[in-house]
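Below you will find one chain, with nothing else, as structure tokens; this is the form predicted alone, and questions on how it binds or moves follow later.
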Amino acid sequence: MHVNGAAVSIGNLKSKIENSEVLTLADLAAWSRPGTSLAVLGHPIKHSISPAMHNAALAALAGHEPRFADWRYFRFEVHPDDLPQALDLLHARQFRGVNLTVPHKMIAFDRVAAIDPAAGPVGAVNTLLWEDHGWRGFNTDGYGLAAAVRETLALELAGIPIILLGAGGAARGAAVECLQRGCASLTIANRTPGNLTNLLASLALMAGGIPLQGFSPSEPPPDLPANALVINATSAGLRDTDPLPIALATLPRPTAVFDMIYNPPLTPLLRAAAALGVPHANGLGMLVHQGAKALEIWSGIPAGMSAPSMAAAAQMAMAGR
């Protein structure tokens, strides 16, 4: 156990809950809160704005439907080694739902009782729903991506060429969503040849007749599609000192650039897009819409009803940083 295993007093736990502090596995072991509880697990988790988003949406829903008055969303710092124990405790404490963020999405895939069919090809889950026999896993990241691209760039993934940067878990989720929605073509750039080859092989059957290819971002091929949507699914851009995931000037002029990173709001890639006069957007909208979809799974309330209050809370949280 990678957290302090000492007993947690009820008074101390209540104080941490009331002050929206980061909670631990020890807090979960002592959990006795009445009402409906939701949680996000990550390592690290302190930076997460998901509690602000979800609790704002729940407060708005409670104004119309009293059943949501006792719903609350919490964040737990959970080391990857402790994830199985945390999931067991959350289920025993009857948390209604759980979100998973880095690095838990892929780890949890093989540790839940059931997988929603749409999440199967992704190989990762970011949303869990409590059921009698165990957790049912979903992945709302693809929905969040498509909704954010539509909202911020007025584009649909269907029928458009996609140039996807990255070959990790986030890239796989984006690739699956683009293929399932019928993109015109999917071209994936990644610096590590082995990872790229493995991802392309796993996507080949799903692609069907959709053209699928890969390349090194340092050597873009001459036949890349024009007017593509460029999606960054790498972590390059989290720090100002990060190198660009790709030099946009080496690509045919894109229709738009979408960066899954939302903090900082303007990554080096998005600054490069702005300099070229290319429409661009960061990943805050994706965070909002995947969260709204998760809340739909837990509550039955359509995601479109929760998204506006989540977006307002997310923008406020980012402005306060």
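Here the structure is a predicted model, which means the values were calculated and not measured. Heads up: residue numbers just count along the shown sequence, starting at 1.
From this point on, the text means the form predicted together with a small molecule, which you will not see here.
- Taking 243, 182, 211, 117 one by one, only a single residue has any non-hydrogen atom within 4.5 Å of the small molecule in the predicted complex, and it is 243.
- For the residues 216, 198, 85, 235, the 4.5 Å heavy atom test against the small molecule in the predicted complex is passed only by 235.
- Remark: of stretches 221 to 229, 160 to 168, 88 to 96, 109 to 117, the one touching the small molecule in the predicted complex is 160 to 168 (heavy atom within 4.5 Å).
- At least one heavy atom of residue 286 is located within 4.5 Å of the small molecule in the predicted complex.
- Among residues of the shown chain, residue 72 is not one whose heavy atoms approach the small molecule to within 4.5 Å in the predicted complex.
- Though the partner is left out of this view, residue 250 does not reach within 4.5 Å of the small molecule in the predicted complex, counting heavy atoms only.
- Put simply, residue 261 is close to the small molecule in the predicted complex: some heavy atom of it is within 4.5 Å.
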